[in-house]
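One chain comes next, on its own, written out as structure tokens in the form predicted alone.
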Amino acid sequence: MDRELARAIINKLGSTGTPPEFGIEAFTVGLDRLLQVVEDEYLNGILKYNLSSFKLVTGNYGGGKTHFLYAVRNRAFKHNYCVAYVSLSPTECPFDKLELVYKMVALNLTAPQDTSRLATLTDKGIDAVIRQWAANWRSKEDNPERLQDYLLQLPVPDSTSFFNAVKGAFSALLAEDIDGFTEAVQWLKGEEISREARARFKISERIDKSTAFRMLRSLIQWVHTIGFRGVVLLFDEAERGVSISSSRDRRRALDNLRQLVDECGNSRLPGAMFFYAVPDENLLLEGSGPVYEALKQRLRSGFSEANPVGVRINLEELGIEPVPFLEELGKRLVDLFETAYGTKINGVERSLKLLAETAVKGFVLDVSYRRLFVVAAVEFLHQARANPGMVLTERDAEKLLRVTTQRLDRSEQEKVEREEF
């Protein structure tokens, strides 16, 4: 790993404790067995046969859900899947409004990329995927007259309007008609376009709540036909999109989720895999009524090496105790830190172990003890670099974790207030 990438990772982890979008394998601990099952059974398994699957990811807030989803994304890229990572929120992307969910999927759709380098994930969006589609077609075909034959042979997805829009964007790009490409992409991203543009591309539908599910299916079907193995959709922090909604919106969101789970049983989502991450499935399913009972039945089984067909992936049960987990994580942070700053940090093992024990002992009931440890450990490594030979006492560790907790709480409160505003 180069120094710039290591420094960017350390900066991100030390400021928020949340994982960066790149280089996460350098500090991944305890996830390999789960990821290998996902890869063997699904990404390189049944999804190749046009099947689909849904998994519910649970883990405490700050307990590694985003990290796990990024790791799944990287493995999906290796097997030629397009991926969309979508952070659900009550304002921009609540799950009860599928038209907004579709829009965020279209905005974040990403063709396979190298995630081991810094700033490699800037080329996002359905327009970027269409550009890559066109580049791939150009590399294989030098006779433009065959374009119509190629487009005629493409299977039509559920929505003819969606198909006409992606065809229009593709053809406009090959013809170097930038305005036409932009108009077609604008509609594909859920934005309004002129009546003349709709007529030009033979688009008769709008992307709204009545068509959103069909558009999502059409996007998945289209990606499957243009050379990619399928689509992996990663929905993160979903509890915010549900919990702040009204009861009616909440039921609608859960019914959308039930519909998504049920759709995975048929062939209309070829090569698609969905991950839906929540801190606790009980927060998602608390309540009574048909929709709650229907979801409980569908999400009951646990996913593991012994039961890869299970639905719930519990990140609190990784087969490694909390302190050894944090100790191993601490070793990887030291390696990253030394690479980032081109220096050796000697004699910090005992202090990091004490920090791990204090984090687990004092904050085990807190939802984010893993995140607390990461942020506090990075701060300690900076102090140890400035003061070689520095050793933490139990009191120092408690103070460092307490100050870190207050800082993260303030940051989280500001984030919630921004979303509510």
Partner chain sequence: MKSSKLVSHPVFGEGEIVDSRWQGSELLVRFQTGLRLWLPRNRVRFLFEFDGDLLESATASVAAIDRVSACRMIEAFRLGIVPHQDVEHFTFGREQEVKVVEDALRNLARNRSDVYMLEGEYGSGKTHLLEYCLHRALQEGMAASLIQFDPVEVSPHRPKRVYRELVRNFRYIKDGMEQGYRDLLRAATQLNFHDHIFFGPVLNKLRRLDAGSPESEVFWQWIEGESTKEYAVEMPTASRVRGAQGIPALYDFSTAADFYCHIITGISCIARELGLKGLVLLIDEAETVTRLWDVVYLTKSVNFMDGLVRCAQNDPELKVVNERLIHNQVRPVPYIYRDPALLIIFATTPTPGEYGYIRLTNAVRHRIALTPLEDQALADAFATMVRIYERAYPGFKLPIEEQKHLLSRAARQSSNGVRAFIKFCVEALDIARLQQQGVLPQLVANR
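Please read these numbers as outputs of a predicted model, since none were measured by experiment. Numbering follows the first chain given and starts at 1.
Just so it is clear, the following notes concern the form predicted together with its partner chain, a form of the same protein that is not shown.
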Only one of 291, 147, 285, 226 comes within 4.5 Å of its partner chain in the predicted bound form by heavy atoms, so just point that one out. 291
Can you pick out, from 343, 139, 346, 259, the residue that has a heavy atom within 4.5 Å of its partner chain in the predicted bound form? 259
Among 227 to 235, 130 to 138, 214 to 222, 73 to 81, the stretch whose residues bring a heavy atom within 4.5 Å of its partner chain in the predicted bound form is 214 to 222
Hey, with its partner chain in the predicted bound form, do 53, 265 and 303 all fall inside the 4.5 Å heavy atom range? yes
Non-hydrogen atom contact residue 297 with its partner chain in the predicted bound form at 4.5 angstroms: yes
How about residue 204 - does it come within 4.5 Å of its partner chain in the predicted bound form, if we only consider non-hydrogen atoms? yes
Contact of residue 332 with its partner chain in the predicted bound form (heavy atom, 4.5 Å): no
Contact test in the predicted bound form: residue 37 vs its partner chain, heavy atoms, 4.5 Å: yes
Using a 4.5 Å heavy atom cutoff, which residues in 16 to 41 contact its partner chain in the predicted bound form? It's fine if the answer is none. 33, 37, 41
